[in-house]
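Before any questions on binding or motion, here is one chain by itself as C-alpha cells, the form predicted alone.
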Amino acid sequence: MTAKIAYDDVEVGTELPAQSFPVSRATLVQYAGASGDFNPIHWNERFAKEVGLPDVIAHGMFTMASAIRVVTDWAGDPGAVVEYGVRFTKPVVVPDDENGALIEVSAKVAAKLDDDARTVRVDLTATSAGQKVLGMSRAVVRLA
C-alpha cells in the first residue's frame, strides 16, 4: 500500500478529520487479551483505587494506538507512518457504566519536512473527559 494523500496537495496547517474513540471496560479486557497486558489497573476497580488511581484506566499503548488512527485513516496506509511518539500526560479513566470513556483526537500538519522523501510532521491532540491525555504526540508520515 501507499499513502493516498499527495505531498504536493498538503500545506502546513492542514487539519485532518477529527475522530472520537469510545472505550469501555470490555474494550480494555479485549485489548489486555491481545496485548498480554493484564495489569489489574486496567480491569479491577478495587485494585486501581488501592494504588491511588481514580478508577480503572486504559492502557497507554491502547490510547496511543487509538490516536494514530486519525493519521493512518487520513493517509490511507498505516505503513506511511515512519515515526510516532507521545508522552503520556494523564490516564484515560474508564468508568464501569453504559458510557465508559471517550478519546477525542484531532491532528494537523505542522511541518513539511523533506520534499525528496515527501514527509510531513503531524501533531496530534488527544483528550478524554476534557483533559489532554497525550503530550508531544507527533508522527512523521510519508505521503504519495
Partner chain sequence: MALDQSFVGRTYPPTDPYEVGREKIREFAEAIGDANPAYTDTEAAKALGHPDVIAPPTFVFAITFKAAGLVVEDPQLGLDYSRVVHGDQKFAYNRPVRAGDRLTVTSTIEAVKTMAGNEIVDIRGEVHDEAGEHVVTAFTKLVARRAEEA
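Residue numbers count along the first chain shown, from 1. Since the model is a prediction, treat every value here as computed from it, not as a measurement.
Below, we refer to the form predicted together with its partner chain, which is not included among the displayed structures.
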Could you tell me which one of Val86, Ala48, Val93, Val109 places a heavy atom within 4.5 Å of its partner chain in the model of the complex?
-> Val86
4.5 angstroms heavy atom contact with its partner chain in the model of the complex for Met61 = yes
Does Gln30 reach its partner chain in the model of the complex, with heavy atoms at most 4.5 Å apart?
-> yes
Ser35: heavy atom within 4.5 Å of its partner chain in the model of the complex?
-> yes
is_contact(Pro54, its partner chain) in the model of the complex, heavy atom dist at most 4.5 Å | no
Site test, Ile68, Gly76 and Val82 vs its partner chain in the model of the complex, non-hydrogen atom cutoff 4.5 Å = yes
